[in-house]
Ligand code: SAM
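The data below hold one chain only, encoded as structure tokens and taken in the form predicted on its own.
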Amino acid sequence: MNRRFYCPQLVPRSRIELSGEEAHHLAQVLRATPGTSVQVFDGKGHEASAVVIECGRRTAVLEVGAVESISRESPIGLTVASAIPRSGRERFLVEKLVELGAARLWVYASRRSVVHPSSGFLTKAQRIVVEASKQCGRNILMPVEAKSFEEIVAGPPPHGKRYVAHPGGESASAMVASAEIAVLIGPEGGFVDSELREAEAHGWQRISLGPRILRIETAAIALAGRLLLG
């Protein structure tokens, strides 16, 4: 059972208080009692062992030991820029990108997008990031940001590699590893020609994911897996 808990303010050898969903997880899911050992992380690269001192339904008090800087990040800084999938599949997209080690997720709306980024989506996505980080052991929370299509195609560092997933491009096997890589995933209806021309004008290279049409989240996870796992 997962014994990792998120605490954004982590002070060495101090007492901290968990509340909200973290306290609920500790009390109702883990069923912790005073003396239970757990791990806490701050989402900024640090983690520590802690012992439960008090555990109630709404709050819990933990005694924190030494705080360590432990990185489980990928050496490849992968930016995934993606349209948002429909029907609740956005949870799967965010969760798996965290597990695979993507550095950041940018969401956007294009001409053929059905789902548009909203403050509600971003709030939900951040909760998913925390839950997935607790499970997989990442100590740095993957940021999820909403951007315009124009910001994205002009945005990633010019010295990194930029790939846009679209039929008719080179095989994904042609992708080259780099310290910074960005991949652009279109909406379920695909990009319009003007969007592709704009991306290519900013140095994005078309790559193909094969003869089958993939859903948004499948394409994003396939590319992330190939780049981050070898």
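Residue indices: 1-based, along the sequence shown. Values in this document were obtained by computation on a predicted structure and should not be read as measured data.
Not pictured, yet referred to below: the form predicted in complex with S-adenosylmethionine (SAM).
Contact with S-adenosylmethionine (SAM), judged by heavy atoms within 4.5 Å in the predicted bound form, is confined among 52-60, 188-196, 36-44, 173-181 to 188-196. Remark: G203 does not count among the residues lining S-adenosylmethionine (SAM) in the predicted bound form, judged by a heavy atom distance of 4.5 Å or less. Contact annotation for L26: none of its heavy atoms lies within 4.5 Å of S-adenosylmethionine (SAM) in the predicted bound form.
Within 4.5 Å of any heavy atom of S-adenosylmethionine (SAM) in the predicted bound form lies no heavy atom of G20.
Shown alone here, I16 lies farther than 4.5 Å from S-adenosylmethionine (SAM) in the predicted bound form, counting heavy atoms only. Proximity to S-adenosylmethionine (SAM) in the predicted bound form holds for none of R72, V130 and L141, with the criterion being a heavy atom within 4.5 Å.
Annotation for 72-87: no interface residues with S-adenosylmethionine (SAM) in the predicted bound form [heavy atom within 4.5 Å].
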